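The data below hold one chain only, encoded as structure tokens and taken in the form predicted alone.
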């Protein structure tokens, strides 16, 4: 008895017509899971490196800042005690040498930031504008010359500045050539504001006003807060401005080359001169770059360390002391690691706060206004009751219908 087998095409048609037990939704979830797994595998090395070299040290430093660890043994050993916020209190509230040193370092760094960030930003923008001039010849030479200090070792440049500004250095020799006596730059602790006020006859630096000398603010007198950068710190400021301007010049130069030439030409056709065109057309296009340069400048200036370490080590009379160098000094020289870690976290909070403020100042006000209007419209739409739309439609239909009947 022979068995009649169905044709192969009919069998395949029956197989394909059967419902898929897996289903399209399940297959879609499977593909999505595979893509997520592949994505996590790609970013896993980066997450591992960031976790080991960034997150773990930050957590350890945070623990050290609330402990009495002396730098010997493990900070997680049972002999290390938890002191809470005592290390922070020594910096901010308790009277003593620690708070006085920390406030002195903050004062010095504030003057350092106030001078370095604007100067390096303005000089970088000026040099970039010069290099962006179409008529300038040998742009490559000037670009390399201006950028060269930025790629040179800061330690090497600091040593050169030590020779230039020494008592018998080139700077004082040049000043003597024109009849001026230069100061002993790295041994002069006088504040520039004190020197300028004394020169203008506003006060006597040797006998400060009692109202300022007797008023104490956070461990320092008002006279000390208003000293300004010392002569020694002014040399470091000049060095840093000279070495960092080249890097920011390249950022501004790249941004200037992206400014539409048609817009500048339209402004010239409308009668704007060179300054008006730069202020009203070019500068608004540079707002993101200015924000970047100022942000990097603030972060870098609050972390200044190597120049102070090589040139002055905080002297003379602690007038070049900065929080970063003071934190190093407390940790590696005084073995007070808890206080040093607390300084680092206070410095971190200062940088975050200042960065947030400057981001708010440089925000795009038109875009912010547009986002605010969109949010208000969404709130009004969500607060409207469901029947309001129907009533509004009915209210608009009634007079229309009545008008038509007339």
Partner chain sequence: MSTATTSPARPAPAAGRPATRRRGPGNRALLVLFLGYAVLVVFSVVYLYPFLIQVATSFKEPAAATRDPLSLVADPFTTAAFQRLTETRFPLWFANSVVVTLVVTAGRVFFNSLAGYALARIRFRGREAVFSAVLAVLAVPGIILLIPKFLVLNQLGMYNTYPALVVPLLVDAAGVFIMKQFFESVPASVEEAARIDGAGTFRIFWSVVLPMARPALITITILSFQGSWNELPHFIVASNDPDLATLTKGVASLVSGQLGSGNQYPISMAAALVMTIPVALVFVFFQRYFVRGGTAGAEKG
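If you superpose the two forms and keep the largest set of C-alpha atoms that fall within 1.5 Å, you have the rigid core. Residue numbers count along the first chain shown, from 1. The structure displayed is predicted, hence computed values, not measured ones.
Keep in mind that the form predicted together with the partner chain is not shown, yet the notes after this line are about it.
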Partner-free chain; cross-checking the partner chain in the predicted complex, the single residue of 92, 283, 192, 292 with a heavy atom within 4.5 Å is 292
Pick from 178, 151, 97, 211: which residue has any heavy atom within 4.5 angstroms of the partner chain in the predicted complex?
-> 151
Work out which of the listed stretches, 110-118, 70-78, 196-204, 223-231, brings a heavy atom within 4.5 angstroms of the partner chain in the predicted complex.
-> 70-78
Is the gap between residue 245 and the partner chain in the predicted complex 4.5 Å or less for some heavy atom pair?
-> yes
Heavy atom of residue 327 within 4.5 Å of the partner chain in the predicted complex | yes
4.5 Å heavy atom contact, residue 278 to the partner chain in the predicted complex | no
Would residue 268 count as touching the partner chain in the predicted complex under a 4.5 Å heavy atom rule?
-> yes
For 319-354: residues with a non-hydrogen atom within 4.5 angstroms of the partner chain in the predicted complex?
-> 324, 327, 328, 331, 332, 337, 340, 341, 344, 347, 348, 351
Taking the rigid core as reference, does the Cα of residue 46 move 2 Å or more between this form and the one not shown?
-> yes
Core-aligned C-alpha movement of residue 349 between this form and the one not shown reaching 2 Å | no
